[in-house]
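Shown below, as structure tokens, is a lone chain in the form predicted alone; questions about how it binds or moves come after it.
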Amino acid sequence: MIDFVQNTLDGVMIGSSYALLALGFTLIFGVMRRLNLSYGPTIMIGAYLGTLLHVDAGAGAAAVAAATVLGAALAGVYVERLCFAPMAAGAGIASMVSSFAIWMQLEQAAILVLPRHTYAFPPLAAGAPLTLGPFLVRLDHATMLIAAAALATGVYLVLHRTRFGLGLRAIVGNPVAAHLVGVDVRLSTLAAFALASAVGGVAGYLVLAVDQQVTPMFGMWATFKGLIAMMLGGLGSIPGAILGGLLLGAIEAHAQWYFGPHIRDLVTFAVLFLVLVLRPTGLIGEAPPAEAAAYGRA
């Protein structure tokens, strides 16, 4: 029983970073009903910018974190302007395919700047693990969980307590009606991309600071983790993104403990398949509003 609880604690803490990745995916999918496959590589661009400052200029953790978040946000704006803004409302497939092409572009650009396979990344927190009775909690994992909870709360407040958030929720419900009542749909969509990419930048920084290294595979890893967590929790649902990320972390922790690292991903995909068969919209996801679906087919 102690092992089960310990694995659950570890999984939830790692899953908090997955939840942030899923949250960024959900912000984009919820607003545009389109899938951005270059989401992970935009985070990688931010991570490589922070790594470049760390390697070449000896920048500390705070500067690296700021550069990672800012770089990811700017890369997200670049993707939105190039892949999503020019596309018509019904061009979801075209925008998704073009975002995959930008994935390759961003990944190659990062590799050209930092060609080695592995680079050091400044650690998040150092110190002995915290003791909670018979359980141990790594200090960097606890820091990750607190930071993820604070950021998720901040995003929720932005969406539900600000005029900008009201506009985004209006776009999700009916983009045409939102435009008619004065919401700048294009500008709001651009801002949503920047916000989602910044959230992803925070998640990327937290993960890399725990791992203390970055590789060119990070962009693909971030895309897969965020997408799986979003599908588990529920397409377009912010609470679902959080639930999906935490659940994904717990599933991975238990699968690795009981079956080994080689079987971990197989168990994860099996659980995802089962969830999607029983509930195609995810655990707490909902089908898109009829008005938004109709707008997407226009």
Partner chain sequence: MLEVDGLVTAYGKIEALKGVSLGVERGGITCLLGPNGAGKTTLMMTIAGILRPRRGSIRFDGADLVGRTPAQIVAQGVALVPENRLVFPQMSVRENLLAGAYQRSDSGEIAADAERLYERFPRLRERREQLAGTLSGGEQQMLAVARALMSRPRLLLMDEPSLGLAPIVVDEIFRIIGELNRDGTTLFLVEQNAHKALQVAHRFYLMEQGRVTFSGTPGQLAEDEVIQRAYLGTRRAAV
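Because the structure is a prediction, the values reported are computed rather than measured. Positions refer to the first chain, counted from 1.
If you look for the form predicted together with its partner chain, you will not find it shown, but the lines that follow are about it.
A.B. asks: Though its partner chain is not shown, can you say which of A73, L145, A178, V155 has a heavy atom within 4.5 Å of it in the model of the complex?
C.D. replies: The residue from A73, L145, A178, V155 that makes the contact is A178.
A.B. asks: Determine which one of 121-129, 135-143, 197-205, 182-190 lies within 4.5 Å of its partner chain in the model of the complex, judging by heavy atom distances; exactly one does.
C.D. replies: Result for this chain: 182-190.
A.B. asks: Taking any heavy atom pair closer than or equal to 4.5 Å as contact, tell me whether A170 reaches its partner chain in the model of the complex.
C.D. replies: Yes, contact at 4.5 Å.
A.B. asks: Flag R116 as yes or no: does it have a non-hydrogen atom within 4.5 angstroms of any non-hydrogen atom of its partner chain in the model of the complex?
C.D. replies: Flag for R116 set to no.
A.B. asks: Within 4.5 Å, heavy atoms only: does Q213 come near its partner chain in the model of the complex?
C.D. replies: Contact check for Q213: no, nothing within 4.5 Å of its partner chain in the model of the complex.
A.B. asks: With the partner left out here, check for me: in the model of the complex, does some heavy atom of L166 sit within 4.5 Å of its partner chain?
C.D. replies: Answer yes; at least one heavy atom of L166 falls within 4.5 Å of its partner chain in the model of the complex.
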